[in-house]
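We begin with a single chain expressed as structure tokens, specifically the form predicted alone.
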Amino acid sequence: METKDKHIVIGGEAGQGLVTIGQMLTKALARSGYEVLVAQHYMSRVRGGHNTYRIRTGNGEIVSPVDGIDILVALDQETVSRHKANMTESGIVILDETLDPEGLKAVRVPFKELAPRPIYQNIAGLAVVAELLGIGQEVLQKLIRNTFRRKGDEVVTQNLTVLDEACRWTEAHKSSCTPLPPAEGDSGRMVIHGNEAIALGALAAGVKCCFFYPMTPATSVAQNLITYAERMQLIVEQAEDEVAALNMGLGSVYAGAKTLVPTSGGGFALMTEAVSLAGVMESPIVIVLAQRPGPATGLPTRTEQADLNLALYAGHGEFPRAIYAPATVEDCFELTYRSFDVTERFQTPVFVLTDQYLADSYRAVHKFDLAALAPVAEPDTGNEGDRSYKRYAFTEDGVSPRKLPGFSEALVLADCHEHTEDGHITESMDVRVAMNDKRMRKEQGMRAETLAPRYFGDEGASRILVCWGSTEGPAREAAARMRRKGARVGVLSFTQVWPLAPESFMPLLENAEEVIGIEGNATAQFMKLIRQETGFKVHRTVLRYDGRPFTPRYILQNLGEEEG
């Protein structure tokens, strides 16, 4: 995994426009053919507070954020002071000429001179960074036209003028920074983040309803669906609270609509009774749980992997479920699509368990091949059916025929109580046991279709790093750095964390000399789940729960390894 890359950090207060610079620079890099990986760190306030937009870019596969900074774009003095200790040996800071570089190698930009009004200083900053990196001005010009065309020709022209002035000014300072090597990638890729990919996966699967109550970092799933609502005949409704959101979702599912409910930990905690209702009603619904640190409001704009147990045990009583944990933007699309199929075929809630880092992380990805996707299961909308229909009929695999109300003479009942095969309330001991067994039999079918974990690295590795979800990238890069020093290291990455299929991974774990769990919480929830299901105990763990994403350096330092 050789990369020739740069790590660019844009820092400043919320409201200073750092996201604007960051997003446009990310698109310019991707459209020039470079790989990009974005990590956004922001505080829970509308204005003020120190935020950063971090882009790692270059050629070759880039799978993880890093710590060392090659280019620091400082929109305020605090950015310099906070990050100067993380500058690489050749790192430079780009800042306004009125700010103090505090001893760092610097490009001091006369922003007031280059931009006639403060609102254009973002474009001046973008131009300086892009010019230093060697990004062609044509890419930037096209980007500006696309970005500002709705605001009129005058705005576009003014931004292009600032771009030209700033690029010409930067010509004299190019020696300050080594440009990127020529791009080797595809310039025609999409630049999207994890939540956009989840929305696209849902659309590809035919989602028709989305109910939500705004909660960072899940909200942008719904916001992205809103942009497609009219074109795709999709209903997106902001409910009065989270309890209502999931219950509205269950109503739409009963009527036959493919439904998605995105939320985060605190909101999901309020939904748990409705999760249980989905279990007893055997309702096919997809819930996106975007993790952030708790308890309660915790660090609402930071990242963590501490809601696995919440998703695994949410809802009273016993009923099956599946939990997917995407590691990449591509996974976000594919696993969301898969979730709609699994939830319909097994008629039980399915979770997509993501986190703030992945939700906000932009990557350049190829267009998804919709033609290659297997069809998603559909409910029975046929007009065959009569009054003898039994919504909860006992079946060998536990999955009962699911007809929709109104399409036939069949009476389609639903109930939050224990019920008979035809859906009427009962307190019969025999029926209760038989109905509970029927529901739980579905887990056997789901377990048979569990995605095997991905393995990266040496065959017969003596040391294996076990991870799940977005921790995959940092673990892979940490392992690659260890291999460069001669170690035989592999990474076992789980993108489905429930149900588990031990036969697909236990031989690897049992044959390794050392197994290390890498997980974004304080109690190693997934490693304990593996032990609970298999009896296997990982030998040690590297845990992170300070609200920041893993980096290869963090993993290596906690393993006592040289960074490499």
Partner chain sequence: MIDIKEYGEYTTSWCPGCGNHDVLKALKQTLSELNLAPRDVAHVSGIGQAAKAPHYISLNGFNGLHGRGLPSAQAVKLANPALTVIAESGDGCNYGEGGNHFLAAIRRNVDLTLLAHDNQIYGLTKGQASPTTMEGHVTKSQPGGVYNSPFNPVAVAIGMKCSFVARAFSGNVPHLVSVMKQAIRHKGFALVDIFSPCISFNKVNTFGWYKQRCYELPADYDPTDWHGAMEKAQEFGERIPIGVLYKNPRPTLDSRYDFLQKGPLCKQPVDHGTLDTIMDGYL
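Numbering follows the first chain given and starts at 1. If you're wondering where the values come from, they're calculated on a predicted model, not measured in any experiment.
One more form of this protein exists, namely the form predicted in complex with the partner chain; it is left out here, but the text below deals with it.
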Looking at the partner-bound form in the predicted complex, is Phe268 within 4.5 Å of the partner chain by any heavy atom? no
Is it the case that Tyr313, even though its partner is missing from this view, gets within 4.5 Å of the partner chain in the predicted complex, heavy atoms only? no
Any chance Phe368 has a heavy atom within 4.5 Å of the partner chain in the predicted complex? yes
Should Ala452 be counted as a contact of the partner chain in the predicted complex, where contact means heavy atoms within 4.5 Å? no
Would you kindly say which of Asp437, Asp397, Asp458, Glu237 lies with a heavy atom within 4.5 Å of the partner chain in the predicted complex? Glu237
Listed residue that, although the partner chain is not shown, lies within 4.5 Å of it in the predicted complex (heavy atoms), from Met281, Leu72, Val350, Leu140: Met281
Which of 304-312, 185-193, 94-102, 128-136 lies within 4.5 Å of the partner chain in the predicted complex, heavy atoms considered? The stretch 185-193
Within 4.5 Å of the partner chain in the predicted complex: residues from 260-287 (heavy atom criterion): Glu273, Ala274, Leu277, Met281
